[in-house]
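Next comes just one chain, in structure tokens: the form predicted alone.
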Amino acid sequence: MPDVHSLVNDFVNQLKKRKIEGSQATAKQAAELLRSVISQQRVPQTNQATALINAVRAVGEKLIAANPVELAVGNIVRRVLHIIREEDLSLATAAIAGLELSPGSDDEDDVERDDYPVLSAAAVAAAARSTLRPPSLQTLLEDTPISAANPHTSSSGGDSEGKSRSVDKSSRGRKLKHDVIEAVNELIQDISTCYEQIAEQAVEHIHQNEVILTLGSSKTVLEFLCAAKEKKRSFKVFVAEGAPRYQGHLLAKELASRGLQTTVITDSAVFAMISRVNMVIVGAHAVMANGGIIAPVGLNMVALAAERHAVPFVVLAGSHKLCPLYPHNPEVLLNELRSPSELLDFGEFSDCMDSASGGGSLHVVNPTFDYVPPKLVSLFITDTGGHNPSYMYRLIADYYSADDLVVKRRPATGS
């Protein structure tokens, strides 16, 4: 098995050099790396969850610092921390439930209760998200098997009791790591299949003979539109080219190759064409806790045009893009500047950029992202369904713990 430190350093270098394209690929690799960190972490007999949390925090701090604008990395780190807390709570609840039962109970229901299935914390959390409310403590206690946490009774004295407790603690540590790794595997699977989960909802939102507008290139949008086409929906797509990288050209070619009626327009033509559009469907780089989105540059202009003409503005985003932070949080880096060469050829304009020549100097600013406030968003479509912007903070609360919003570890206080 590769050394975890070399894996972390390799991933940090890839983040710093921007070698990983797309939030999904970044989130998946971050989750796989944290899974390796957890599997190779040695857990003590006491405070197993704390040891895992500290290990994940140490690695997560490095990953976030390597590329702060890639918020999906921080999202996955916080998700894994939340998973550890959930699984530890599940085991603690099982232990409490076992201590409340007498070993010599002759209750008639004991045999029947032993057949109850074990519900892990990940399963409870998934059920809570599907019902849109968290599980109650009574549900957790009722779904915990009695035999899972029965205290070991022995009449051989204090030494045997101490040994049994030590075995119980070590086995609980192994159980905690096993449950956490299984939950992280489920998280990786969810990230891999988020496109399919979102695309399944396309037929509910795209209707016959509609005109859809999008900007730039997004794999989520591509799969969403193609899924509607496969359901025999006939519609047209306007693709704004997404200058200066012109990712919209790639999306338009892909849509046309799959049989969709596609029209490429310039970004400046959005206001001129928006009156002929029935719906705007776009992807997002990140979804903030207030319902605002960080999206490719130019989308705020599209959102304003859609609001001006009362056109629904729909955002597609996987759950790994849901960020528990607000735009004003100091941990959030909203934007970064890309190379000026995407806008101007340096050789052609080098004389204008030299301030030492005595004339005025030319500055080139090439921001990567726009911020779209929640008031301009009509609907979010995630892999868990459609949600209004005002509901996003409650949905996000199901995925993260309040203690993990700031990943940076607090310095230990000396005596």
Partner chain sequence: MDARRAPRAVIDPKVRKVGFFAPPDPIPLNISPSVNSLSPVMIPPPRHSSENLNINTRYSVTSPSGEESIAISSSSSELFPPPISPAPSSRIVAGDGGGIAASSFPRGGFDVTAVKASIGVPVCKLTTVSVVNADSLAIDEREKADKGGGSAMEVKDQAMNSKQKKEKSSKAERRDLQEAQRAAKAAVKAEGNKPSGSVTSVNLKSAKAAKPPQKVDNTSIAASEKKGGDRPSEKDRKKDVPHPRLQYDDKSRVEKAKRRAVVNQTEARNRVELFRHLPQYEHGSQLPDLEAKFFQIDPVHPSVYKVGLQYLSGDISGGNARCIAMLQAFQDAIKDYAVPPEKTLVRDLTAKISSYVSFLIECRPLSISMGNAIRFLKSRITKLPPTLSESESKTSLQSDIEHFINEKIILANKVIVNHAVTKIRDGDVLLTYGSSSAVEMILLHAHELGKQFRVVVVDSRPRLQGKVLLRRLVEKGLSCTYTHVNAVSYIMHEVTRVFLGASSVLSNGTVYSGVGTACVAMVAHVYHVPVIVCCEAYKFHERVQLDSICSNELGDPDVISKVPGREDVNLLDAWANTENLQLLNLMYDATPSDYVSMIVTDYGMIPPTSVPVVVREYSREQVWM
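Positions refer to the first chain, counted from 1. Model, not experiment: these values are computed from the prediction.
Keep in mind the form predicted together with its partner chain is missing from the figure; the text below concerns it.
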| Though only this chain appears here, would residue 241 touch its partner chain in the model of the complex if you measure heavy atom gaps against 4.5 Å? | yes
| task | Find out whether any non-hydrogen atom of residue 268 is located within 4.5 angstroms of its partner chain in the model of the complex, and reply yes or no. | result | yes
| message | I'd like to know if residue 222 sits close to its partner chain in the model of the complex, meaning any non-hydrogen atom pair within 4.5 angstroms. | response | no
| request: Report whether the minimum heavy atom distance between residue 260 and its partner chain in the model of the complex is within 4.5 Å. | output: yes
| Can you pick the stretch from 71-79, 315-323, 241-249, 180-188 whose heavy atoms fall within 4.5 Å of its partner chain in the model of the complex? | 241-249
| message | Only one of 204, 342, 196, 230 gets a heavy atom within 4.5 Å of its partner chain in the model of the complex. Which one? | response | 342
| remark: Residue within 4.5 Å of its partner chain in the model of the complex by heavy atom, from 192, 234, 278, 300, is 300
| Each of 304, 331 and 337 near its partner chain in the model of the complex, meaning some heavy atom within 4.5 Å? | yes
| remark: The CA atoms of residue 332 and residue 306 move 3 Å or more in the model of the complex, ending up closer
| note | Against the displayed form, residue 70 vs residue 333 by Cα, in the model of the complex, with 3 angstroms or more change: pair is farther
